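Shown below, as structure tokens, is a lone chain in the form predicted alone; questions about how it binds or moves come after it.
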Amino acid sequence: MAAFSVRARAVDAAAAIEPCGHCGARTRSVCNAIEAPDLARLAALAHGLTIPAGRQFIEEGDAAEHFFNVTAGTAKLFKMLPDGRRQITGFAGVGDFLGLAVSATYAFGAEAIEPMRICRFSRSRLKTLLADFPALERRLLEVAANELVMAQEQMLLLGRKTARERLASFLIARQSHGDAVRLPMTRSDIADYLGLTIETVSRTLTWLRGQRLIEIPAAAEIVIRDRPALERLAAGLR
């Protein structure tokens, strides 16, 4: 009976680790700061959610009670303007950690562009975990610092760059594996984020293709053909 009890506990522990240990987003997320033997504690805090396309899962101004780790899909982040319009401020994909608010409320809203899977963590319970795992706290600080850098880049993007430079910068930033750039968001979303019109985005993509810098095999995919030239364009050197 004792041997059976030990095996049962081992199976229970393995089951607890399973969601985090086999998560495809772990290597790209803050969760990789926690070693495999301690994943059971992380898994116990995580509440997995499936978010359909078009569903908002963070409401600007709501109490910031949770953190969110994206494990599949893409979301658009936005701010509400006084007249009711929305300004897209960014996009979040696999491995991104959302909700690092410094105030008591969320400073932005988030909506699924496509079906998503996220892990939701209670802010109060996660703070307890951070006390035991300094490496995780350091990773979260890195995420916060990166968000500040990205905000500064966005200010430069909107304030100084031309339409061609903005779109080139956007494509380079979204390139992850190989030459393909996946674009699950609409052209309207891209235009909103870059401070352009839909027509300007379409014309600029056509121009980039005519210059043999990119190919457009599908509406949701761009293939970068000449990254060095695209980088020079993004930097205003072409």
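Counting begins at 1, following the sequence as shown. Note that this is a predicted model, so its numbers are computed, not measured. What we label the rigid core is the largest C-alpha set whose atoms superpose within 1.5 Å from one form to the other.
One more form of this protein exists, namely the form predicted in complex with the DNA; it is left out here, but the text below deals with it.
Taken together, Ala163, Ser188 and Glu199 are fully in contact with the DNA in the predicted bound form: each brings a heavy atom within 4.5 Å. You can rule out all but one of 66 to 74, 199 to 207, 44 to 52, 172 to 180: in the predicted bound form, only 199 to 207 has residues with a heavy atom within 4.5 Å of the DNA. In this overlay on the rigid core, Arg41 has a C-alpha that sits less than 2 Å away from its partner position between the shown form and the other one. After superposition on the rigid core, the Cα atom of Ile58 is displaced by less than 2 Å between the shown form and the other one. Relative to the superposed rigid core, the position of the CA of Leu208 differs between the shown form and the other one by 2 Å or more.
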